[in-house]
Every structure is written in C-alpha cells, then in structure tokens.
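The chain below stands alone, shown as structure tokens; this is the form predicted on its own.
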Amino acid sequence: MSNRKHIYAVSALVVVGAIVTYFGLTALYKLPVGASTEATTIDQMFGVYFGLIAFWFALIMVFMLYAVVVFKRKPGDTEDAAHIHGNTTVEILWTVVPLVLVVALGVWGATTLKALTSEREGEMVVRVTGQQWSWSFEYPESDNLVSGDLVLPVNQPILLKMRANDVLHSFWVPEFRVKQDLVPGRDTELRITPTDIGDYMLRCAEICGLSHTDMLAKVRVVSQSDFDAWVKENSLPAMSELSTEERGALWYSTQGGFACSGCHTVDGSAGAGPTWLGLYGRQEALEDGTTITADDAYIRNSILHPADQIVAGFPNVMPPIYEAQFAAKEAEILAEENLTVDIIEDLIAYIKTLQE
C-alpha cells in the first residue's frame, strides 16, 4: 500500500473514531434539560470540549492501532526497518497547534465567565441562606418574604446573594448549569435567568456534614402572574395579629427564616437534633451522663449556647448564631410595628403545644 493510501485510510478511521467517541461521550455524560440562559452557553462549551476530546482520542488511538496492525513485523522478516530521525514540520505542528488551541479555549472560557457573572438590567435580588441542613430564601423586593422553596419568575434575571451560617455549602440546580459556593462570613453571588417553567431541585454540592444528602429545596419557575400571586399568598402577616404560639410556629418553619425545621421534627421522627414532639417537660439524657428537664431555662440555654448541654446520641452541630439573629429580627419588628417580641419565648410557647 502506498503512503497516500495509508494517509487516506488513517484519515477515514480518525473521522469515524471521532464520531463514535463523540456520541459515546454525549450518551455517557448526558446533560439534564437546560432551563436557563446560562445553560445554553455552557452546553455549547460542553459540545466543543466533547468534540475535541473525541478527535484527539481518535487521532492517538487510530495511529497507534493502525501501526500495530498494518506495520507489524512479517513472519521471517529479520531486517531492520527504515531509520527515521524525526520530522521538523510535524514536531512544530504538534507543539504549536495544541498551544494555540489551549490559549483560545482559555480566552473563550474567561470571556464566558465574565458574561455569566456580569450585572444585568432589571435583576431581582434573592437572598439565599445555607445552613446545616436546610435552605431559606428571602425576597427583599417583596417585603422580605421568606420561603423554604425557591420560586422564580420565568425569563427574569435573578441575582442570588448567598451566605452560609456554619460551614461551606454549594448552590447547584443541574438544569441551570451554574454553581456557586456559600462561604461563612462573606457573601457570594450567582446570576441566573430561568427560561423554562417547571419544578426543579436545589442540591448542596459541598459535603457539609451528617445530613448533607438531605439538604434539598424545591425550585419552582413560574409565570410572572403566578409569582405575583405566590408573593401575595405567602407574605407574612403582621406579628401583632399572631398569638405567641402562632409566631413560634412561624419561626420554626422555613418561612420564619431560622431553619429550625431543618434539624428538629415535630412529628417524633428522627432528625439531626431531638424532636420537638413531647419535648417540653421531658427528661433528656445528656452526653455527659447527667439528666435534665426540658423546661424554659433549658430550651433557652440550648438555643443561645447549643454546645453546653448536648443530648446523648445527637451530634454537636447547632451553630451559636441565633442570639444575634433573633436580636436583629426583634429589632426589625420593633421598628416596623412598635411591638416587642421575644422569639425564644415564642418558640417555647409553640413547643408546649406539641404534646404526644
């Protein structure tokens, strides 16, 4: 076979190998539906990367296997093969082409990252709080409505301002493609523009402790009219209109913004912390071997100083952040409604209603 025929054969095999590899990669690493404007750009990058991976893999494997099969030593052939000392043109090409390609991909990636993180006109701000092991979402432009679900209007640019209350967490909705860590002590930001109405799932993509796999939240993308109706339906009532017990139930819920429900159940089922069902007046065995009655003083101390009296069988994971958070919320209510509330007293009153 002439050299020209070898070139034709290898070229054809490389093309076929690249196509087969590309479709194999896209089938093996199948992406979920893209539901944001960011997903379109990122999926294009995935397509290019898969194409390059497939081409280079096929190029290397075809040359190697073709040489092994076609140019293997024939039976009885004892002569030395032709001595080839190199090809300057080929060496320059395999150095310069990958270099130019890597630089081009780097520039493309940097440009894309800048576009994905740049400010957009008409952004709606949502404050995201991650905490072992729950999410809460606050809408400053909707009277600071707080929700345990992330509800977003379709085609609306969103700026997520995110913070972790304890350890590293990571905001990840696969259909949106973008991902961002939440860091204790400072805010991080993520921008998305959802394009498809539907229900999705927010996952924490950073291993964050005992119940990491349960750190999920529903994400709903709805029409603007449905979003407006949801805001109206879920807006908090005036605190003065609620009883102490009702306020306690609110603070416990994800809508209250303190994530109590992320660790403590009210139905007796297991959680990261002791269940609140039948808690008040119960004898609790502590990890130091002593026993204590769950009265007002114990509950208050457990909230303000969670590491002081750990119930046996439960991890010490509750962050000591609630004294400051409660004080800030109480000051806000006082300023807005001229009403003095004690959130811990509200919670104790609610716990007293949870009898077995």
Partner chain sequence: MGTLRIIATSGLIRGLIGQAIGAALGFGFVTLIRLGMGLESNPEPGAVFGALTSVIGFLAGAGVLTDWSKWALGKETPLRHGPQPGKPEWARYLHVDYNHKVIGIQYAVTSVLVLLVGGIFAITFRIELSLPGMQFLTYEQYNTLFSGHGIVMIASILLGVGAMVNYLVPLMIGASDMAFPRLNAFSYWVSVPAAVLILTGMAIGGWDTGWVAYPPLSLIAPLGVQLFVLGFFVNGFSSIAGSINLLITVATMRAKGMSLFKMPIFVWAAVAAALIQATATQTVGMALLMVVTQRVIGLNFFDPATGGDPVLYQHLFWFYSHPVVYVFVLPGLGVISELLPVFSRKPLFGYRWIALSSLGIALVGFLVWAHHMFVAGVDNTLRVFFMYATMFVAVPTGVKFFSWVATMWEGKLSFETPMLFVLGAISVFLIGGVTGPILGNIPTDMHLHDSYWVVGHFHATMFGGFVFPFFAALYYWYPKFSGRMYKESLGKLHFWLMTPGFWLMSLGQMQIGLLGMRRRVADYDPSLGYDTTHVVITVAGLIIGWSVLIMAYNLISSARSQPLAGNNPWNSRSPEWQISSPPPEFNYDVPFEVVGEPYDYGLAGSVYIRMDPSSSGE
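Bear in mind the structure is a predicted one, so any value in this text is a computation, not a measurement. Positions refer to the first chain, counted from 1. What we label the rigid core is the largest C-alpha set whose atoms superpose within 1.5 Å from one form to the other.
Below, we refer to the form predicted together with the partner chain, which is not included among the displayed structures.
For the three residues 240, 251 and 328, a heavy atom within 4.5 Å of the partner chain turns up in the model of the complex in no case. The partner chain in the model of the complex is not approached by residue 283, whose heavy atoms all lie more than 4.5 angstroms from it.
Although the partner is absent here, residue 10 is a contact residue: one of its heavy atoms lies within 4.5 angstroms of the partner chain in the model of the complex. In the model of the complex, the partner chain lies within 4.5 Å of some heavy atom of residue 42. Of the heavy atoms in residue 218, none are within 4.5 Å of the partner chain in the model of the complex. Of the stretches 140-148, 111-119, 241-249, 221-229, only 111-119 has residues with a heavy atom within 4.5 Å of the partner chain in the model of the complex. For the options 159, 197, 210, 236, the one in contact with the partner chain in the model of the complex, meaning a heavy atom within 4.5 Å, is 210. If you take 55-76 and check each residue for a heavy atom within 4.5 Å of the partner chain in the model of the complex, you get 56, 57, 59, 60, 61, 63, 64, 66, 67, 68, 71, 72, 73, in sequence order. The Cα shift for residue 33 between the shown form and the other one, taken after rigid core superposition, is smaller than 2 angstroms.
Once the rigid core is overlaid between the shown form and the other one, residue 225 does not reach a Cα shift of 2 Å, moving by less than that.
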